[in-house]
Every structure is written in structure tokens, then in C-alpha cells.
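Below sits a lone chain in C-alpha cells, taken as the form predicted alone.
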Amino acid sequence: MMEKAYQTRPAQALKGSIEVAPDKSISHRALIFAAIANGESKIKNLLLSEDVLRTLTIINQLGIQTSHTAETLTEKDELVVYGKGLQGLTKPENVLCCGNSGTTMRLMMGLLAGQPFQASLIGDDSLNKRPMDRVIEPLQEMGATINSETVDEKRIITVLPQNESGEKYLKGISYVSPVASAQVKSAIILAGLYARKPTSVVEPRQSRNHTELMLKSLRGKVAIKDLMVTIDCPTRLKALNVSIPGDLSSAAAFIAAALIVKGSDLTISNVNLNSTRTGMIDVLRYMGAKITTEIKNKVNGEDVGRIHIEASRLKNLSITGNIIPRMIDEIPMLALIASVSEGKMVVSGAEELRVKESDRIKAICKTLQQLGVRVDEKDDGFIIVGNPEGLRIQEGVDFRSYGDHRIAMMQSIAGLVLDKAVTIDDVSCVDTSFPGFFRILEKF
């Protein structure tokens, strides 16, 4: 784990080839599906971030044995998960702690909704502030009993059983989601595995589809039509065998670095290029970025390949609508790129950023203002007036990461193009998604 504070340094051109941290979204889902599949699942290159290790610990608490625990697993290890099938989970002895992981809490609610036992979930102070009703409400519509209460300033979410015999009691629904959220969709899909009849989710825009793709690879009954996903309850899921590719959201930091540090020529290998995740790349190409992708193979339905980036002079544009869910985690890096690009960037329809690990809209704007960038904060986004001449920070000014890994990484990359060092107050939060980030960054 990194020390809490970090001092940035200017960098010369980024050249060569790197790999980034394994995909966080796929890592969570691999653990959950392996737990309820039949037989031994083998997972290589699991992301060893704090968030993912929370999910690993929780499946252990639910009675699933694994070849390694969160404490003993290393980057070189293959994790074997001894799945017990859809009805194999058991009542945990203790409360299930999700830490700062919204993915863990929301997906676990969906999984626990179909179990014949009671379980409670808690999170840290940051997770306590993030919205959970968007998951609780559709699960209650399916017949789940979920209580959310605050005790000693901590939110406790308890999922109650309805049928001690273990028979399926959830009902299938057709849910029209008000938000495009892969976590909401995935929670409903996981609950749908325990419903008596098919369950459908319709989204306003396309969100990440990792759950659907992985479930299909395990021979789950999944039908996809436009923005609707339908899951029919299977009798069993086959074991998983997967090597998890690099995370495009983690790659975004080094894409940004290669574009804004003069003379850079960088290749990022073995990275997930799922089309529901490549919104940032699409936008950058429209801005004039010298960036190419090449799909090399498929892993459990996911496109995997490499990205080549060269330093580029870019022109800003406006972003809204359908592309926002395809790049929601990359918007802090895009904002940084926009700050040194020509013209005005308008981002709207991104109000989801308000309820991440921090209020990312506010955090982005505060950071850019410290760098002398003209930025106007809006309810659902921001307006940035870029300055291709570069960024400047006032003497004695430090960055505040707000305990948010995406903001801390954005500030670290900004430091590469400043003329002086600047201190970020807390970068330990980066361990939630990209434990090796600073090891790679220091090479440059």
C-alpha cells in the first residue's frame, strides 16, 4: 500500500509497452459467479485491490472455500474457487463488510436476495453516503425483504429470508431502470437466478455488460435485445476458467499521460476493449488523438487487445447522452486532457459523478481551478476552456484527493506536466482499484 501523501514530479516522454491492473468489474463478477457455479473455477490475474479482496472475503464468509484467502493471495497465484452451485451458500457468522466497494455491496444484495438465510452488509463512511435504494427497490419488487437502518452513524443493510426450505421464492419482474447502471442491472440479474420466472431489465442507455457476457459463458439463460436483458433461472452454472484482462478504466490514466506528455509513444497490452467501456477512446479520436486499438482475442466473450497512443494536439468538443455510461469512470482523465486541449469542452448528463466515492464533478472542478484552468461547474457536468500552452499551479498549493482513487490518479497524471512538484494529500485510496499504479508511474 502506498504512503498516504504523494509528491508528483514532471516526466519526460512515456515510451514503451506496459500492462495495467486487471479489470475490477470482471474480477468482482468472476468471484461471485465462481461461488455459485458447480465445481472448481480457476481465476488467473485476479485484481488484488481492496475492493475485490472484500468480495473474496465475503464469498469465503458465505461458505465457499478457495485455494487462497484475501490475506494469502499474490499476483502470481491462480485462485481456485470451489463452487457449491446456486443453492450452496450458507449463512455467515458475522456482518459482511464491503469497505469502500459499491460494486460489492450492490451485487451482494442481488445475490443474497435469493438465499434462505439472513445476512447483513456494511460499508465505510464513504460507502454509507452512496445511493442503495436504486438496488433495494427493484429487489423488493421481486419479493425480497431488505431493511436499511443507521446505527451509530453506520448504515446496515439486512437481507432477510422468506423461505427457510431453500425453494425459489423471488418472482420474475420486468424492470425499467431510471438509470443506466451496470451495478443495478447486475444485482437484478443475480436475484433473477433465484426467481420462479424470467426477469428483464430495461435501461435508458447501454451500461457495462460484463455480467451478461460472463453468465452466457457459464451457459446461463440470457437474452439480449436492444437495451433489454432477460435472465431465466438456470438449474446450474458451469465452472469458470478465466484469465482477467487489463482494466480500461486503469489504462485511462496512462492514455491521458501519453497524450499530454510531449514526445510520448506508448502501447498498453492485454487490456479489455469491450465496446461498452470504450467511450473515452471514441471521444479522444473525435478530438484528434493519435490512438489505435487492436483486438487480439476474446476472453469469456470480452474483446481483449492493445492500445497504442502518441502525444497529440487535441480539440475539445461537447459530450452528453448515450456515451456517458460508456466512460463514466474515465471522465476525470478526460477532463484533465480537455484542460490542455484547444477550445471548450462541455460535459452534461453526467450527474452520476455526484454519487461516486466523492462528488467527482466538484473534485474535478476544484483540481482544475488549482491548475489555473477556466472551468464552470454544472449540476450534471462542467464546462472547461482548454489551454494548450499548459498547466500552472501556484506555489504552496497542494492537491486534495477527497479519498477518491480516480481523482488521486487524475492529479498524479497532472503532475507529469507541471513545472514543479505538488503534493497530493492522500493516495492510499488508489489501492481500491489499481494497487500497482505508482510502481508503473515511477518508471516514467
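Remember, it's a predicted structure, so these values are computed and weren't measured experimentally. Don't overthink the numbering: it's just position in the shown sequence, from 1.
In what follows, reference is made to the form predicted in complex with a small molecule, a form of this protein that is not presented.
Checking 180, 195, 73, 323 for any heavy atom within 4.5 Å of the small molecule in the model of the complex turns up a single hit: 180.
Among 84, 208, 155, 306, the residue placing a heavy atom within 4.5 Å of the small molecule in the model of the complex is 208. With the partner left out here, the small molecule still marks one of 293 to 301, 323 to 331, 368 to 376, 121 to 129 in the model of the complex; by a 4.5 Å heavy atom cut-off that stretch is 323 to 331.
Using a 4.5 Å heavy atom cutoff, none of 4, 400 and 432 lies near the small molecule in the model of the complex.
Although the partner is absent here, residue 278 lies well away from the small molecule in the model of the complex, with no heavy atom inside 4.5 Å. For residue 103, a non-hydrogen atom is located within 4.5 Å of the small molecule in the model of the complex, even though that partner is not displayed. Within 4.5 Å of some heavy atom of the small molecule in the model of the complex lies at least one heavy atom of residue 29.
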